[in-house]
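Below you will find one chain, with nothing else, as structure tokens; this is the form predicted alone, and questions on how it binds or moves follow later.
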Amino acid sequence: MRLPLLSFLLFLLLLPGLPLRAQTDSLRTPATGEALSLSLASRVRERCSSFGVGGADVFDTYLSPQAYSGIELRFMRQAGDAPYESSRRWLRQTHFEAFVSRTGHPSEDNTDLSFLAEWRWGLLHRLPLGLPSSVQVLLGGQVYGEGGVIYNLANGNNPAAMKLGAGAGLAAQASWRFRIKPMAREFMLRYQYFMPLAGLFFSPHYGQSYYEIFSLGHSSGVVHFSWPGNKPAFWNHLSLDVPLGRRAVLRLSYVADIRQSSVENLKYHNWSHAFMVGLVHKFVRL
């Protein structure tokens, strides 16, 4: 009985605060309907967990000269200041994403298993463009860290390729809140973009084994400076928030994730896309 009790106590500790109506013209407390003060409005947060499925195209010359394609499963969790409800000028955002894929090539009896996770945190500023209040454009930056592995089931020597990197990049967001008559609830269409600009990443030399790097200590030159010239990447996220009731909001989204690198005579890309479904939760952090 200790495990359920411990889980319940952890749940109480992690409660984010008071739930809010997700689609309202003004911020109001759920109990009294009174408008929230500016101090509370600055603490309005939203969180969304999404799951999706899509396709992936994986190419890594450290493992094979062929590009493999197949299916991908993706999980994404976003949290931060609500773009419309929060009164902050600088909006905080936290992003976590993980995906697994199984890919192969029609002419080869071979399979790649890939896993990659990425975490990002950053600030985005509302741009004073004089647009209607229903439209918002934000621009800022995010720091990131990523890690994963690609495992080739047929390779005897060097069957795996490790992916590690960290850095900072450009983040942008544009959103539009609108109504569909005769429905009173508000929908929100949003586009998010992220591009790494500078950082560090791990890559062995061509033909160099991980045994040489980690056991023999031949690790010189395996950490590289990354920039769009040798590690271009582009993350695109288009989402639609659909109100289901007084509190429930469904998020339908599409992710196009482009990751590439070319260094030490090794080329790599992971081009993937996924359709995702998630639930949005808004709250006030006390």
Partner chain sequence: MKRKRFSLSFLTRLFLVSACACLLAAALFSCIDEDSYDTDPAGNFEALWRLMDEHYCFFEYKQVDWDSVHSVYASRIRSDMDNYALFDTLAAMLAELRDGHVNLYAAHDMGRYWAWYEDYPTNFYEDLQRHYLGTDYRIAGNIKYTILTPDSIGYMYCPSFSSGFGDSNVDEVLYYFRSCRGLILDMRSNSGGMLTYAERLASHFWNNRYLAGYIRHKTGPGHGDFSDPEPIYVDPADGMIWLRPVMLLTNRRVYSAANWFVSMVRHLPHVVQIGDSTGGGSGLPFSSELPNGWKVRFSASPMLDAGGNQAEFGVPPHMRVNVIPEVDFQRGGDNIIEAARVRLEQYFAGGSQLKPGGLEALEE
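Predicted, not measured: the structure shown is a model, and the values here were computed from it. Residue numbers count along the first chain shown, from 1.
From this point on, the text means the form predicted in complex with its partner chain, which you will not see here.
Just one listed stretch, out of 173-181, 94-102, 142-150, 209-217, contacts its partner chain in the model of the complex at the 4.5 Å heavy atom level, and that stretch is 209-217. Looking at residue 65, you'd find a heavy atom of it within 4.5 angstroms of its partner chain in the model of the complex.
Put simply, residue 273 is far from its partner chain in the model of the complex: not one heavy atom of it is within 4.5 Å.
At the 4.5 Å threshold, heavy atoms of residue 135 stay clear of its partner chain in the model of the complex, well away from it. Using a 4.5 angstroms threshold between heavy atoms, residue 155 counts as touching its partner chain in the model of the complex.
Residues 232, 234 are the ones in 230-248 with at least one heavy atom within 4.5 Å of its partner chain in the model of the complex, listed in sequence order.
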